[in-house]
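A single chain, nothing else alongside it, follows as structure tokens in the form predicted alone.
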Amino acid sequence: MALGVSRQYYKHGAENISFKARVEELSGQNINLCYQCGACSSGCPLSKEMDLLPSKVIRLVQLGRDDPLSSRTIWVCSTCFECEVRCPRGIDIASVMEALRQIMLRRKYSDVKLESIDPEKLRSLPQIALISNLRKLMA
């Protein structure tokens, strides 16, 4: 009887360990403390806009997988710290998201280019959105 469970095999190598160590170094967080309770994801006000929930981002980093780097989640995170407040282990998930953005920015990647936005629309955007975006780009 098929249970509908797909079997994916994952190889764990040195590159996985170095990615996780890099994220921990940049964020200053011990990723292994997370036991996947999901409190961060359930409290995130922007989780509906994310392609990976914060708890899944943490799990992928625990496994040393760099999948979160190609997700929208690291750019959608507003760094509101709701996830940190809810985390029973005190993990600063916003710092982890910031570390992932730093890794992408150091690869010369930018999700939002201000010069590509219509000047009229740019003037109508809330200042806090622009400041938040620039803060993300200045990692």
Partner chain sequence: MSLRLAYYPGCTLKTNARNYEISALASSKALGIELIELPRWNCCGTVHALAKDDVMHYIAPVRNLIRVEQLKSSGLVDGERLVTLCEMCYNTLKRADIGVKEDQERRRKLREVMEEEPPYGGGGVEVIHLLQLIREVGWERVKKRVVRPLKGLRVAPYYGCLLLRPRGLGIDDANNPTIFERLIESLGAEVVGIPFKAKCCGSYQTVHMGHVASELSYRILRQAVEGKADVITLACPLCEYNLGERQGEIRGLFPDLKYIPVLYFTQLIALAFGLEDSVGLEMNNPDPRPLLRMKGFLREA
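In this text, rigid core is short for the largest set of C-alphas that superpose within 1.5 Å between two forms. For clarity, every value in this text was computed on a predicted model and none was experimentally measured. Positions refer to the first chain, counted from 1.
Keep in mind that the form predicted in complex with the partner chain is missing from the display, and what follows is about it.
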property	result
Contact label in the model of the complex: residue 43 to the partner chain, heavy atom within 4.5 Å	yes
Partner proximity in the model of the complex: residue 53 to the partner chain, non-hydrogen atom cutoff 4.5 Å	no
Contact flag, residue 106 vs the partner chain in the model of the complex, heavy atom cut 4.5 Å	yes
Proximity of residue 49 to the partner chain in the model of the complex, heavy atoms at 4.5 Å	yes
Listed residue (33, 76, 37, 63) with a non-hydrogen atom within 4.5 angstroms of the partner chain in the model of the complex	76
Sequence-ordered list of residues in 66-90 near the partner chain in the model of the complex, where near means a heavy atom within 4.5 Å	75, 76, 77, 78, 79, 80, 81, 82, 84, 85, 86, 87, 90
Threshold 2 Å Cα movement between the shown form and the other one for residue 125, core superposed	yes
